[in-house]
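One chain comes next, on its own, written as structure tokens: the form predicted on its own.
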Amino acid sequence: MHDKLEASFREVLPRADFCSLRHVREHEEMASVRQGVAEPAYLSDDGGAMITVIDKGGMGYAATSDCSRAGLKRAVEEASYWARKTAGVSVVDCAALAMPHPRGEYAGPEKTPWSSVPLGEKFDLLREECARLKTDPRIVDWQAVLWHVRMDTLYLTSEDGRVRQRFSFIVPGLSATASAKAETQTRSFGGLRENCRQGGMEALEATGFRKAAPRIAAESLELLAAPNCPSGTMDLLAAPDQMILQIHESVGHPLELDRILGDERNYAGTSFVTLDMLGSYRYGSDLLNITYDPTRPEQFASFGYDDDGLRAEKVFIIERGILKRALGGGISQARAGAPGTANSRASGWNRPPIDRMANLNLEPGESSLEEMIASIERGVYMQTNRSWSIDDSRNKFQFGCEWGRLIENGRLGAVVKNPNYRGISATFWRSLAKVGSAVTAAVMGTPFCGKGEPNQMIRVGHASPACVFKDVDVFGGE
């Protein structure tokens, strides 16, 4: 199929400075058992191509699901029309862009292919896990889910660029909701599908899916009788499944270069970060080291090349607390005259690439979990994000978690429900006092990062250890 597609593309190439084709094919399946009952299996198959044309300083796009020679020809003509219309009137002088013409292949890991396990066996597994969640009459809702996407992409350029990439994404989910005496609490396996990986069925072992159900059920019940989290200024020990949300919202989004340049202000907001901060701004304490790393195979958003053909590489975004560079693909880098990353990405064949975080990770430190707890005189240990709110400039935020435990005089104490905290991105990361070792770290992410007009929901990966923040504004649910 790809050979035929390439031949057709080469036949319809326009007389232009640059032309590319990005073909995407996704096969998606989801199996779910809720309250012991198997829900209808979800199946989706989607595919198409995006044509990009750059000519005489203008740029045009056209997407089509008709990948015949005639369909590609129509898309090339439409993209060429828009390239002519935008020449000389665009924010970007596209004539100055040096678009890459890469050649290569990338395949993500998949030891036990999703397709090698029959659908019936997957439902059997989900029934078993669902049954292990229903341990008490007070558990009123419980669910086990498996979600898989296989994606194949082909990127071609007018000067013989050719990149083929293959991915297998798997997202397991578990949740238990307990209710008694007008109190309702939910405990889940990574919140909103945060335990996501690239790989096959072996990822269930890597994420701990098969061991999690009894703990989730027990903790949902324990929360029913727990007191509300106390309010006040105290230390915060954030578990990895909360850290990934903190990184995502208060580092990832404000550092997207197109947002800094103002492209997202109408929809997703702007950023408190400005171009003159790059290279000198103290984003956090000396312990803060954030990397952009799409080269880790198991992470959810790893790849070999971004959707504009830039080769993936690991780079430090923040090093020893100092902001080094923004998250901007090749086009944004040219606009800003600033360094960036290979992160020009689209959510599918009918969307143009924009600046998106991929794998944004907080590098491990040296502290054990026991050392971090022992360092806290008064604080709260919080796990698993369940709510978030952050302003248009990605600065002031308020986050809530499913599970909390008090820390008093260096020891873990009682479980508390409805733990929340608030802060300001521009100062919060400077209160980072301890960073956990690799033993405390987890590889997670989200399938639901939204941005762009029209909207694009995209996969993002995060890895982080547990971390301690000093003097945080903590509050409970009352």
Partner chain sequence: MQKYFYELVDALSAKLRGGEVLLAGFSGEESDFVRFNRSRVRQAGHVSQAHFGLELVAGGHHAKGSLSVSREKSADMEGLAAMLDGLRAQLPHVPEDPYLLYATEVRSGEQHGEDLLPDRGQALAAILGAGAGRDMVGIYAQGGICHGFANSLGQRNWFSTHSFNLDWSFYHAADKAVKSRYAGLEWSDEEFGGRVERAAGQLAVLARPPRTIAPGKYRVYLAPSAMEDFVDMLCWGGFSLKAQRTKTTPLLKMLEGEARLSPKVTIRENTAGGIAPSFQGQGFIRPGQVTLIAAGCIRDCLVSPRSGKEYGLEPNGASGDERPDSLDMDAGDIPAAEALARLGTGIWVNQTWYLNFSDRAACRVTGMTRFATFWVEGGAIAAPLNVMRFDETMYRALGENLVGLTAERDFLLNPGSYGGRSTGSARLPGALIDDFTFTL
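Numbering follows the first chain given and starts at 1. A quick note: this is a predicted structure, and the numbers were derived from the prediction, not measured.
Although it is not shown, the form predicted together with its partner chain is what the next lines describe.
- Here the chain stands alone, but in the model of the complex its contact with its partner chain, taken as any heavy atom within 4.5 Å, falls in 261 to 269 among 157 to 165, 357 to 365, 197 to 205, 261 to 269.
- Among residues of the shown chain, Gly413 is not one whose heavy atoms approach its partner chain to within 4.5 Å in the model of the complex.
- With a 4.5 Å cutoff on heavy atoms, Val435 does not count as touching its partner chain in the model of the complex; it lies far away.
- By the criterion of a heavy atom within 4.5 Å, Thr64 is counted among the residues contacting its partner chain in the model of the complex.
- When its partner chain is considered in the model of the complex, Gly328 lies well away from it, no heavy atom lying within 4.5 Å.
- For the three marked residues, Gly108, Thr112 and Lys324, no heavy atom of any sits within 4.5 Å of its partner chain in the model of the complex.
- This chain lacks the partner; the member of Trp147, Phe316, Phe123, Tyr281 within 4.5 angstroms of its partner chain in the model of the complex by a non-hydrogen atom is Phe123.
- Of the residues Lys73, Arg215, Arg127, Lys134, just one reaches its partner chain in the model of the complex with a heavy atom at 4.5 Å or closer; this is Arg127.
- Residues of 54 to 89 lying near its partner chain in the model of the complex, listed in sequence order, are Met59, Gly60, Tyr61, Ala62, Ala63, Thr64, Ser65, Asp66, Glu78, Tyr81, Trp82, Lys85, Thr86, Gly88, Val89, the criterion being any heavy atom within 4.5 Å.
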